[in-house]
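Before any questions on binding or motion, here is one chain by itself as structure tokens, the form predicted on its own.
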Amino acid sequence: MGITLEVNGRTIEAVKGETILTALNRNGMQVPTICNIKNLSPSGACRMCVVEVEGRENLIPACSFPIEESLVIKTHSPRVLRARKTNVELLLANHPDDCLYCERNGSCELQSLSEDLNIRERRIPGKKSPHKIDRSSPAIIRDPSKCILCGRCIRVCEEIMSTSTLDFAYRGNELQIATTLAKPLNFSNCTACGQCLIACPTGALIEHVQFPELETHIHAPGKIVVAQYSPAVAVSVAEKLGYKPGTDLSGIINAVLRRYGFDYVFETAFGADVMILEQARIYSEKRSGLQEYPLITSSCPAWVQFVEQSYPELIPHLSPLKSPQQLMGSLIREWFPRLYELEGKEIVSVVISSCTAAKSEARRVEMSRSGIPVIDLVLTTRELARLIRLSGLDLEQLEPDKPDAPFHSNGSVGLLTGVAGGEAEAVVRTIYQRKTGNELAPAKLHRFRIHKSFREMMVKAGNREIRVGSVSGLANAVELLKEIKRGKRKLDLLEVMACPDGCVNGGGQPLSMDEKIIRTRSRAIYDIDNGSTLHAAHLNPAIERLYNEFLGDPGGEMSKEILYRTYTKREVLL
């Protein structure tokens, strides 16, 4: 039953039980909020969304007040604006004054609120927080002095990612957000997914920036600097450069990186193609239809670490393959020097990824060859945008380039790994061809493209039914695995992505929690696939060359030596 609200003299309809904030937003009316996260239960912690309700003595937090009757509301009255301004001034009282040097300068919600409310001086002095910066994680840096206690990182970590690494600690004036026993992140169960970075409104949580380290290599004589960039990067960096969200800038990225000083530029999508072929072979070998759990993908480093430390009983069911960026890194170390007669040269391998967990993954001992990491540096999409701006190039005048051989593809299937459900869809295409000898039309796999956290489909290949699922968000994955264990759901192959909606919403992406923008990134990848004429990894001639000249057969001795890895239980200290 609808309820009539009068808001700033305008009449709108609300649904009984929904919050004032939900009703306002649905009717195109905005009020500022810091602590609120869409689709999560309201906390009302920041009090920034307060509104004036006729007949109520106190201001009401719009995010947590349920509508039960008709109301007369003022969202920007003088009293409301004074309250919001005071709230921001209190947050600024002990906040650091290093905006010029802060990674979030220009994208800080506290900074934006201060500007909107015309706060130009510190009216309320406060004692500065003595917290130390935590740089222990290879992926994430914590600066508690910039934390405004909104709790968004806690809620994302617990309710969406199911890790609960962070929580409120102490009480009163001593209240802060911390890990268990306030130890550094490297002691915790953090998977480095980076979703807390996207949720954080200030610079309290940022990625471990490696962009400055690149400068020491890029122009060094005698070094061969090689870059690979992931599919999600190409369709999202545009947002940071003034282009329409979802614009595919892969050709521009190739040109910019070469102009900047990279000697070779490759696509991680090539590594994804290799992974897909190997995954199809592993599936064919391991599926007997009797296993309790399906074959589970291992392309997401945050998911892999989560399994190793929280669900080690699932390790036997994980695919033994490395992630696409690590597959590419291994091929760049092993095959690339032979092709270009670069044996003995120092190769600096750089990954540009939407994933902050790739930074931690690159430092893992299991990912090294003879003790040397196959990936030297990992930059996020945000770092790439900084690099492009620093280059000083006019992108409008730049001619798009193609990536270098041999690590490129004329097809689109490797790009699908950037979206949730994409890897499952790509692997099924190859499994189907291997079992039937025919190609499977992409249109028949449409259920992998619905916008849901869990996607499931049954594909009939010859006389065999293949039950395939895809889930994104670690909390959703945990619930699905419980269903599988109880026998309520049966799957043969399961793709798991730690970040909701997959890599297009990775922790290293442009900072946005807007579902429309994230869907636009996914749609851009689907549009590329829909317009492609090469829809399967096994049809890629560059992949065929790799196996003919170097790897042999999928699952062969060379493949297992450089593309496979083993998983072991990881003990979490805290």
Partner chain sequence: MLPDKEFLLRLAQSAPSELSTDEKEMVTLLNRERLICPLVMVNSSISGIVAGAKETWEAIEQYVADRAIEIDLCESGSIGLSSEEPVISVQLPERTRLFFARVTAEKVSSLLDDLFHQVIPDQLLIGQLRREGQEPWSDIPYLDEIPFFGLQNRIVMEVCGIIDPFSFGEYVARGGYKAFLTTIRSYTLSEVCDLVRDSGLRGRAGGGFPTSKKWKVAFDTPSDQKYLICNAEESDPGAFMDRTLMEGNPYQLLEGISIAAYAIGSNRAYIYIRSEYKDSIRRITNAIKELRVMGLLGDNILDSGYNLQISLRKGPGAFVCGEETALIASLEGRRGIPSSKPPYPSTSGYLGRPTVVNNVETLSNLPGIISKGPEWFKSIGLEDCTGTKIFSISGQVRMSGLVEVPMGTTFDTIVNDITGGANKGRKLKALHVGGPLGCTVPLELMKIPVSYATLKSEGLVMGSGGILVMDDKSCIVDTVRYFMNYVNKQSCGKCIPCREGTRRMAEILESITRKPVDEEGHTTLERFKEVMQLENLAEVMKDTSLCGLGQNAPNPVMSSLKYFRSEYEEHIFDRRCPSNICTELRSWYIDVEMCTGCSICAKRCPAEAIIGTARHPYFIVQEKCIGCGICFEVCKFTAVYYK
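Residue numbers count along the first chain shown, from 1. Since the model is a prediction, treat every value here as computed from it, not as a measurement.
FYI, the form predicted together with the partner chain isn't displayed, but the following is about it.
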_So if I measure heavy atom distances to the partner chain in the predicted complex, which of the stretches 512-520, 22-30, 535-543, 62-70 falls within 4.5 Å?_
62-70
_Taking a heavy atom within 4.5 Å as contact, would all three of 210, 257 and 391 count as contacting the partner chain in the predicted complex?_
no
*Contact label in the predicted complex: residue 58 to the partner chain, heavy atom within 4.5 Å*: yes
*Any chance residue 148 has a heavy atom within 4.5 Å of the partner chain in the predicted complex?*
yes
*Though only this chain appears here, would residue 136 touch the partner chain in the predicted complex if you measure heavy atom gaps against 4.5 Å?*
no
_Is residue 173 part of the interface with the partner chain in the predicted complex - any heavy atom within 4.5 Å?_
yes
*With the partner chain left out of view, which of 342, 90, 405, 220 would have a heavy atom within 4.5 Å of it in the predicted complex?*
90
*Exactly one of 128, 460, 451, 446 has a non-hydrogen atom within 4.5 Å of the partner chain in the predicted complex; which residue is it?*
128
*asked:* Using a 4.5 Å cut-off on any heavy atom, which residues of 36-52 would contact the partner chain in the predicted complex?
replied: 43, 44, 45, 46, 47, 48, 50
